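Heads up, what comes next is one protein chain in two forms, each shown on its own as structure tokens, labelled structure 1 and structure 2.
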Structure 1
Amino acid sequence: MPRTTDGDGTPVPQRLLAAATRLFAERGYDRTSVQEIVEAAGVTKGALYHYFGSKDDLLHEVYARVLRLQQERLDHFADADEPIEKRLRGAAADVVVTTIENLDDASIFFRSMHHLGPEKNKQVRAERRRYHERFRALVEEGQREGVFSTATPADLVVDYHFGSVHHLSTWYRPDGPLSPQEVADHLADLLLRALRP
């Protein structure tokens, strides 16, 4: 009985995406064969290439999902009716929490970007930049208002913070002593403390 779902209840494309996400995060993009993905999803290559144009497409889809989620959340915090200090803190902490909650996607994102073909790479970079610029605008707003120090260019501040987010997949362990929210609060605090005039 083929019909979008199978053995379990989830549709095949989502099962493939989930399996690919896990395997890419575990072994990396290149070390994961299409065969392994379809086996983990309980289908065959025919099914995969029925829904996705290529192995690249699969990776791109993972990226798109993360990007969409993070942009939505950033917009939400940036548009809130709060003082700039609170909005930046909220956004800075939230990106940490959502990154930890999707550590697989995050590690794929930062480790496998260069496996994408040139045009898809450009597309992802453009969306990344949009995100970066929205975040930077928050820092600049605070600097104009005199709430944040202008000692460091806003660009560098943003890269500094995102560096730590990027780095999370390297050292954060879910079974460690700190909850995602605690880590997020600490990292946001470090950012805000660094920005004190």
Structure 2
Amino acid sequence: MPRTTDGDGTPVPQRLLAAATRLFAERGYDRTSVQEIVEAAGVTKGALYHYFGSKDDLLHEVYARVLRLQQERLDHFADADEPIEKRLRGAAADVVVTTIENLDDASIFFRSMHHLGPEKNKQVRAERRRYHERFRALVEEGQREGVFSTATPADLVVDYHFGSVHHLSTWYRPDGPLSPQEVADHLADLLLRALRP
């Protein structure tokens, strides 16, 4: 099957994901049919099932693509030859910016995760756990080195930060007073202040 249709030349998987993301955000996952997705993407059901086994697979990929991006970026910050405080701050701010840049994807996922089948749900939880463990390892590294306070357990520090990240879709507005980077800087600074010895 060709990678594009006679539309704008965008590869079919990206067209399907863009249509699904828009429709899931507008109508909700459970109120969006496969037929509506393929019509919005300008492809056939056969094309959808060629690239994605089900609507469930589309929902999973909406979130997985953001998580893959965030994991790659976190790995970059974690592996950098920089002081731990700079690496953690960069990672903490970056996850805020990438979440805001993909706010529809994140909000769809948190509203609709319960629709995933058991295997996809397990897979997503494992991917998120891997991300959170890598982030926690940065906190723990700083605590071992005496750069960060050990008064608060690293797990709680991570939960605190990601609680803020996961709630961005409930209040952040692109036309609001703060840019994505400003929100990211504020939240990263809050995290570092909480870790000061």
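Residue 1 is the first residue of structure 1, and the numbers go on in sequence order from there. For clarity, a rigid core is taken as the largest C-alpha set superposing within 1.5 Å between two forms. As the structure is a prediction and not an experimental result, all values here were calculated from the model.
Chemist: Given structures 1 and 2, which represents the form predicted in complex with a further copy of the same chain?
Modeler: Number 1 is right.
Chemist: Taking the rigid core as reference, does the Cα of residue 34 move 2 Å or more between structure 1 and structure 2?
Modeler: After core superposition, the displacement of the residue 34 C-alpha between structure 1 and structure 2 reaches the 2 Å mark, so yes.
Chemist: If the rigid core is lined up, how many Å does the C-alpha atom of residue 52 shift between structure 1 and structure 2?
Modeler: Residue 52 C-alpha displacement between structure 1 and structure 2, core-aligned: 2.6 Å.
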